[in-house]
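Presented below, as structure tokens, is a lone chain in the form predicted alone.
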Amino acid sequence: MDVIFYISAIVALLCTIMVVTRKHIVHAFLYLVVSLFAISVIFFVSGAPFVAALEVIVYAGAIMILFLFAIMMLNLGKDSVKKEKVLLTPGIWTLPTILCVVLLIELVYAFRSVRLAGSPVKIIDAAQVSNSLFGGYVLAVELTGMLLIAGIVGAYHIGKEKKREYHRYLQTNDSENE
């Protein structure tokens, strides 16, 4: 189990470094998802399967979807279509795919070894997590929710295209230009 922990930690560190160093936002987004999956494997190996499931559901699932919507609302323009064609080339997906396969192999190995070894894992149910989360950290949870909403509204206003209205004689017809 220590080997799985260290491999997952290395994958998480590599992906996090790639998140910070990538110039293209979608590449950084993909590496962040792989990093969150690696952290989930670390939680599972450490004896916290419920926290690992929450990591996948909440962070890699819900919050990443919010980030994706924010990226989409930024409306990157006509150049983004050309950049999307580059994303569809197989070479771009090689490293994230390899890292995800390594994590998948680790996870399968971890599931099998937990069943065979019968190691004592304390199962934490949802009630205990919610009591600890909303007991002492209710203000932090509410502020985080408000911060996420403010980020979405801000991304919408930044990406919103402002339409200019011209007099009918000053308007150009797009079909005449083509």
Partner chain sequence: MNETLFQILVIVGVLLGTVSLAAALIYVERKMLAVWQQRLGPNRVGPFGIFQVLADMIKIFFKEDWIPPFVDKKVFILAPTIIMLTVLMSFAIIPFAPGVVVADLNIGLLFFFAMSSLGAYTIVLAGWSSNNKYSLLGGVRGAAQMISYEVFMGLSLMGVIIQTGSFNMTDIVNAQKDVWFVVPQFIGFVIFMIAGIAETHRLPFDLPEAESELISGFHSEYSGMKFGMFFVGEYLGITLVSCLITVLFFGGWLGPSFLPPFIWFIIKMFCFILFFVLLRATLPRPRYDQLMSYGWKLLLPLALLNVLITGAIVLSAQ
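Quick caveat: nothing in here was measured; it's all calculated off a predicted structure. Positions refer to the first chain, counted from 1.
One more form of this protein should be noted, the form predicted in complex with its partner chain, which is absent from this view; the next part is about it.
Chemist: Does its partner chain, in the predicted bound form, lie within 4.5 angstroms of each residue among L30, V56 and G61, using heavy atoms as the measure?
Modeler: Heavy-atom distance to its partner chain in the predicted bound form: all three under 4.5 Å.
Chemist: Which pick from L68, L143, I149, V129 sits with a heavy atom within 4.5 Å of its partner chain in the predicted bound form?
Modeler: Spelling it out, the residue with a heavy atom inside the cut-off is L68.
Chemist: Any of the heavy atoms of Y137 lying within 4.5 Å of its partner chain in the predicted bound form?
Modeler: Contact with its partner chain, no.
Chemist: Verify the contact flag for H24: yes if a non-hydrogen atom of it lies within 4.5 Å of a non-hydrogen atom of its partner chain in the predicted bound form, no if not.
Modeler: Because a heavy atom of H24 falls inside 4.5 Å of its partner chain in the predicted bound form, the answer is yes.
Chemist: Are any of the heavy atoms in I105 no more than 4.5 Å from a heavy atom of its partner chain in the predicted bound form?
Modeler: Contact with its partner chain, no.
Chemist: Is M72 close enough to touch its partner chain in the predicted bound form, meaning at least one heavy atom pair within 4.5 Å?
Modeler: Contact check for M72: yes, within 4.5 Å of its partner chain in the predicted bound form.
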